[in-house]
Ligand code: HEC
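Only one chain is given next, in structure tokens, and it is the form predicted on its own.
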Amino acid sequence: MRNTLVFALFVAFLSTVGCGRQLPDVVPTTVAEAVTEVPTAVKAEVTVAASATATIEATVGAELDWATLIADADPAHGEVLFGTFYAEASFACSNCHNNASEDRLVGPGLLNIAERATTRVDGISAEQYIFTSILHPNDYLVETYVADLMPKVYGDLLSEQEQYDLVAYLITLK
């Protein structure tokens, strides 16, 4: 329910900012109500942005400065996390992702991932794209990859700082 309300508020916010409209007197309380309030031109953007509810929940009303968050993170610690086996996921990141090549293992090779991530979704930084892809792997599925292949447990297993550390490490892979 909380995520639904956050999403509804976010959609109302987007409709106001994106279309110059005023917020309605009654804020929608369901996703269906919120989406019907959004003009068609905004719906495509909302569909992409709204899928990352944890990120939206953390940023309603404010934008995260992804570059600063990642610049303040510890890529060396992120490298350790990348190789750490997590029993809850039954994997280490390195079991499925090649960090020294763009060649696909189970998941994509991560060499030059920052460069590729920059071009994936308009308006989304490489840092935010990678962060979302770790915590919500089905949000931005790249063609030829299937949904639900990557475990969706890293938001629970890693602290927020560890998540930023992991992204900081991946950004360094060039």
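A residue's number is simply how far along the shown sequence it sits, counting from 1. Note that the structure is predicted; figures quoted are calculated from it, not measured.
As for the form predicted in complex with the ligand, it is not shown, yet the points below apply to it.
Trainee: Give a yes/no on whether Ser133 approaches the ligand to within 4.5 Å in the predicted complex, heavy atoms considered.
Mentor: Although the ligand is absent here, Ser133 would touch it in the predicted complex, with heavy atoms inside 4.5 Å.
Trainee: Is there a heavy atom of Tyr164 no more than 4.5 Å from a heavy atom of the ligand in the predicted complex?
Mentor: Tyr164: no, not in contact with the ligand in the predicted complex.
Trainee: So, Val80 and the ligand: in the predicted complex, are they within 4.5 Å at any heavy atom pair?
Mentor: Output for Val80 is no: heavy atoms all beyond 4.5 Å of the ligand.
Trainee: Answer with yes or no whether Ala73 is in contact with the ligand in the predicted complex, where contact means some heavy atom within 4.5 Å.
Mentor: Heavy-atom contact with the ligand at 4.5 Å: absent for Ala73.
Trainee: Across 84 to 110, which residues bring a heavy atom to within 4.5 Å of the ligand in the predicted complex?
Mentor: Heavy-atom contacts within 4.5 Å come from Phe91, Ala92, Cys93, Cys96, His97, Val106, Gly107, Pro108, Leu110.
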